[in-house]
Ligand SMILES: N[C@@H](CCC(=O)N[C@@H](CS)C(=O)NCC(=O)O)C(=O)O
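Presented as structure tokens, the chain that follows is alone, the form predicted alone.
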């Protein structure tokens, strides 16, 4: 398998961590579609990352679709999202809050990255950052009782809820440092630090510097 994307993208990163956690080998084709769109367009008509290319040439895109597919590959006993019932709903709900927080932080980041200073719309940044903080504070309360051990959806082992929550925290910390989320979401910060110390997370590190 080939995973097209980069690890600054939290959506690519949660897929990479999930693949590693499930012992599914893959090669990362590291690129940014803004700078190099054609390799992505070959498999994904909307030119988005992550895009996962299977050995037979078929491709999937959008992280939630990819994650569902790899859960199907490994079966319900190993899947990172439970197959049914209340535990499935809980994991999906938490992962949805985490991915929404990622997305909103990404929009705030893009407003500054892609617009000249005179066209930056501060209200839009504030709006997205407010939604980001709301999501992280929700995750923070879930992390409060389990920051040192256990998992935030109450599962017996790491689930997609944990991966997505930790990835969301690390992404927001990297691209919106002015939000000081290590203080406003201190329990989530501790939980994320525990996750980031795991080999499956360390194998897909957040880049040390942001793109220019």
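The model shown is predicted, which means the values in this text are computed figures rather than measured ones. Positions refer to the first chain, counted from 1.
The discussion below concerns the form predicted together with the ligand, not included here.
- The partner is absent here; in the predicted complex, the one residue of 47, 174, 146, 59 having a heavy atom within 4.5 Å of the ligand is 47.
- In the predicted complex, the ligand sits beyond 4.5 Å of every heavy atom of residue 159.
- In the predicted complex, the ligand stays beyond 4.5 Å of every heavy atom belonging to residue 191.
- Under a 4.5 angstroms non-hydrogen atom cutoff, the ligand in the predicted complex has residue 11 among its neighbouring residues.
- In the predicted complex, the ligand sits within 4.5 Å of a heavy atom belonging to residue 33.
- Only one listed stretch (162 to 170, 149 to 157, 48 to 56, 176 to 184) carries heavy atoms within 4.5 Å of the ligand in the predicted complex, and that stretch is 48 to 56.
- Along 106 to 127, residues 106, 110 each place a heavy atom within 4.5 Å of the ligand in the predicted complex.
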